[in-house]
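Consider the single chain below, provided in structure tokens and representing the form predicted on its own.
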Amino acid sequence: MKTKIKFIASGILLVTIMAVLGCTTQNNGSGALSSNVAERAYVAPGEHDEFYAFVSGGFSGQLSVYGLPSGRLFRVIPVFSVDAEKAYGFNEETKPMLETTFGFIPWDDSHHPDISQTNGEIDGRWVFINANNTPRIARISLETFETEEIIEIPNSAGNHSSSFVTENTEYVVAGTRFSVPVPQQDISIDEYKSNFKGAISFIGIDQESGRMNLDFQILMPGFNYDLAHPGRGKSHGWMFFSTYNTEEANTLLEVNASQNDKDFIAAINWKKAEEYIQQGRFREMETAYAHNVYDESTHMATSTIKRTVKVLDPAELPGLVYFLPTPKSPHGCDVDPTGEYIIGSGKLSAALTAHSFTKMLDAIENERFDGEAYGVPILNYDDVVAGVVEQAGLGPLHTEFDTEGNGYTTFFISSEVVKWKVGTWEVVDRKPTYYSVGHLMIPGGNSRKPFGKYLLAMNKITKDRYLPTGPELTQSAQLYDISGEKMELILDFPTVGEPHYAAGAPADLIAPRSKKFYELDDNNHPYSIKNESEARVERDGNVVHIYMSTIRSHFAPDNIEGIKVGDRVYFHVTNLEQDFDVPHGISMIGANTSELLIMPGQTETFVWEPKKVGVWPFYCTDFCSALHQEMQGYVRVSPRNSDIELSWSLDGE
């Protein structure tokens, strides 16, 4: 506690000094201007940020897009949770995206985004992110900033150690936090040891479409699997996962899972796994998992259930998995840009452990093992360790890298970011965070090509940083300038939900590819229309389909009669605009859903089941023109036994 108080006190002193510097720059001339750290985060009106930051929403289930260095929030991308603003999970087109083998699940806990890579460098095509509670992986297009695909992961529980992308986006790799019986069965929890397994899933990615496929799973011993990173460069073809609870405790883990002096980093040779798959040395396991895909051509999502998965057992397949002893209850597992060093951050250790990939291969070749765990060889610690960053701080969690051969590690207990030199393992700088930092992100800092200008720290506790808002304060992120020898804190900004991790990319990598609108000629939605003359209303029993268009500043049709109490009315609305940034909305009184928010050239659907006789209005919910208020219409609802025929008007006809 004294240590934490010390760092908080030093942080308050630092903030005071910065405030003084900021106040005095106006009177001290241009020489003092360089001391005004706030200017480095300032992006003038009309100017653009240098980087996109994709920040996980944690318990919000979403992914937020911020600009760096400004910290401005640009967009919240709905992924695993319904979003009334964009009708995600409410409109008929996106409801299938949230289907699982447990049914329709409109929420999840999203932790770790990762950007697609080519040759070990981020390429700006897709972002992948995990759902922790109901295990899933999602793919978000960085052309549309919309979720295009979600795949459920069977044999998994607590999909925390996900999603991590190999350096050519061959796979997105997902681990499991909670080991469980595989396959699931009615078994006593006291029989945990040797009966529970942890699945590591390798999800193959089609290089053109991004389409995901669960290629295979590796059934690991029943430990907890935390974080991971792929090998790169010389270690390409390997995946490294941190593990804890090698004690295989199933109660009071804060005590019982902290007994062993060392846990492991699991080194998985996925190239060897591919060989075993080709040789047919796998087991086809019956299971069930949902695969949900949004089709940009039809503007509709579909959900299908897959029934089998290929499973590999490392105890039966030599060379597939090795364990690297790592102190103590490691959280972070990070690989430097060269691919030589695998960094383990033992959250109950005061030091960082760096394993050498070269030494690991040598130890494997010469069979320098220190026993085995469930058939998986344990390498001798002294034979694989490259160095240790001694007494770096308290509670190390996560490391990323810059372009100058430095590592940066967050320390949760001592509330700081520590900079250290790769190879010499010496600490060269440290700065406090406010407070209890979890992950950090350097744009490209988990790739072969870091960009190295900014570091984003994502903190768990805010306390005195912002105005109070009742018992819960906003979550906090802090931006550091790391372009010089010393780190400098230049910005605080609040975040959506609880940020766990983030992925960053230069704006000029993503912005030029951003979609402006959907071509109407390419709209193959089964209920789309291409112009107002196609607008109409059709009845099939008590089901009514309204083919509606919207354009500045009217709907077609805008007056509809002949709807009856008890009808099921589908509003299929096509935005006829072919102009950038002109969405339209629509909301219907009494509709048991959110509004629609329809992009130019897109079609969306909501369902309305009128329960009352009367004349009921609908209107545009997204301000689109000077005549936005005039953008409205009416639906007349008659009794169930009414003989009034369907009729509608187009442009006042």
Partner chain sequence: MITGAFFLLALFVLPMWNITLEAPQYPDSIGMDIWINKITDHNPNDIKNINLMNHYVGMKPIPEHMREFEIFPWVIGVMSFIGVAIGFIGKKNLYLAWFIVMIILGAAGMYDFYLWEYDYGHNLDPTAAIKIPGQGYQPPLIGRKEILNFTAISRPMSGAYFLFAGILMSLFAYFISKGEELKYEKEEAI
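What you see is a predicted model, and the numbers here were worked out from it, not measured in a lab. Residue numbers count along the first chain shown, from 1.
Below, we turn to the form predicted in complex with its partner chain, even though it does not appear here.
Only one of S356, N168, Q578, T100 comes within 4.5 Å of its partner chain in the predicted complex through a heavy atom, and that residue is Q578. A single residue from the set F145, F517, F369, F216 has any heavy atom within 4.5 angstroms of its partner chain in the predicted complex; that residue is F517. Interface membership of S625, defined by any non-hydrogen atom within 4.5 Å of its partner chain in the predicted complex, is confirmed. Put simply, V417 is far from its partner chain in the predicted complex: not one heavy atom of it is within 4.5 Å. With a 4.5 Å cutoff on heavy atoms, R552 counts as touching its partner chain in the predicted complex. Look at 509-517, 126-134, 75-83, 341-349: in the predicted complex, residues with non-hydrogen atoms within 4.5 angstroms of its partner chain sit in 509-517.
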